[in-house]
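As structure tokens, one chain now follows by itself in the form predicted on its own.
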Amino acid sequence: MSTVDTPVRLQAVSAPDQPDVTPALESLYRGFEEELLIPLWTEIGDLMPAHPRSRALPHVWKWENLLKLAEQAGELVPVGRGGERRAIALANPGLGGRPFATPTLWAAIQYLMPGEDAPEHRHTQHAFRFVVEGSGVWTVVGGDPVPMNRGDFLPQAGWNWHAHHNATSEPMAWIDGLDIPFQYTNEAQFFEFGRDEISDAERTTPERSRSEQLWGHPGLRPVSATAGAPGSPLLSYKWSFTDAALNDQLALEKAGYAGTVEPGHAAVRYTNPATAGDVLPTIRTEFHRIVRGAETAPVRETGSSVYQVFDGAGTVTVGDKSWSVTRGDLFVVPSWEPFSAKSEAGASDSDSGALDLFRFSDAPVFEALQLNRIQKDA
């Protein structure tokens, strides 16, 4: 009997490819426990499986339910120091009640009441905002007020000061995406409070931010500017450009030219105009448009993704789970689970007449570590 308080517990078992259970083996295992040692031969099946086995589970969150709860929170929960943001995170049912959508990605609905400010802070976590509906909030990044409108994607690399203010008489909701779980697991995160209030100059409501004036011209890089910091210097990717790019891909396909990733499936990736790489070091963001009746081929990828339905309706399948989804719904694709989507959108539920999906993933991390792998299932 071991006299050392140790979290290691080993049990000799009679099984194929395991050593014979003997008193000597039992004694060896007690020695391992006392010295905090674990032999590989008892763990290899769990530590080195044939393919990824994510703890995260496929799951869907209905926007209608999220919005109702966010509205209630708006009446009950103040925004200020301590809570900082009225942000309500998706908790994947496979991750033990942690506020994580996947092992690497955070996703939340944030809600700001009329005339309300979210105070300034900064953190090492890389972040973005995506707007599925509404307008009237400006996010102020490094003193630059950036408007938020339906369909806009707003990246913000880590360690940038930022605050939000609602300049209208209506509340507004959007989704936040961050790499909080990744930095939390790897113990790399820092956080710092900023000013309690932003200045009058930062409370202005321009149609375009200064970052857009400098960097928001397709294919053109300002010679005067350098972008040495990580992340995109462009703080807003307007919906009008995204929508036009997707429409043009489908128009090319209809005319018999290459342009889509597969029949009826147009897709674009948001990129850093200074580097042509991903907008954030740890997060990849894309937008997909699937025409009515089209179905994407099942795809498996290492790493995880979160999708939000921007418009339309359809059926999405993740692993052995299938759901009907509509505008605003969010769902998770864990690592190596096959994913496919079928568009059932029409003119009554979609401005584009298609199923529009916003996606963010941890792909840059896996690519940087050369752990990325993609497989299209037949």
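Here, rigid core means the biggest group of C-alpha atoms that superpose within 1.5 Å across both forms. For every residue, the number given is its place in the sequence shown, counted from 1. In this text the structure is predicted, and so the values were computed from the model without any measurement.
Below, we refer to the form predicted in complex with a further copy of the same chain, which is not included among the displayed structures.
Asker: Is every one of 237, 245 and 337 in contact with a further copy of the same chain in the predicted bound form, taking contact as a heavy atom within 4.5 Å?
Answerer: Verified in the predicted bound form; spot residues all in contact, yes.
Asker: Is residue 52 near a further copy of the same chain? Define near as a heavy atom within 4.5 Å, in the predicted bound form.
Answerer: Flag for residue 52 set to yes.
Asker: Please tell me whether any heavy atom belonging to residue 128 falls inside 4.5 Å of a heavy atom of a further copy of the same chain, as the geometry stands in the predicted bound form.
Answerer: No - in the predicted bound form, heavy atoms of residue 128 and a further copy of the same chain never come within 4.5 Å of each other.
Asker: Verify the contact flag for residue 169: yes if a non-hydrogen atom of it lies within 4.5 Å of a non-hydrogen atom of a further copy of the same chain in the predicted bound form, no if not.
Answerer: No, no contact at 4.5 Å.
Asker: Even though a further copy of the same chain is not shown here, does residue 313 get within 4.5 Å of it in the predicted bound form, heavy atoms only?
Answerer: Judged by the heavy-atom cut-off of 4.5 Å, residue 313 is well away from a further copy of the same chain in the predicted bound form.
Asker: Between the options 135, 185, 205, 160, which residue brings a heavy atom to within 4.5 Å of a further copy of the same chain in the predicted bound form?
Answerer: Filtering the options by heavy-atom distance leaves 185.
Asker: Going by heavy atoms, what in 14 to 44 lies within 4.5 angstroms of a further copy of the same chain in the predicted bound form?
Answerer: Stretch hits, in order: 17, 19, 24, 25, 28, 31, 32, 35, 36, 37, 38, 39, 40, 41, 43, 44.
Asker: Following rigid core alignment, is the displacement of the residue 370 C-alpha between the shown form and the other one equal to or greater than 2 angstroms?
Answerer: Residue 370 C-alpha, core-superposed: shift of less than 2 Å.
Asker: Core superposed first: is there a CA shift of 2 Å or greater at residue 338 between the shown form and the other one?
Answerer: No, the C-alpha position differs by under 2 Å between the shown form and the other one.
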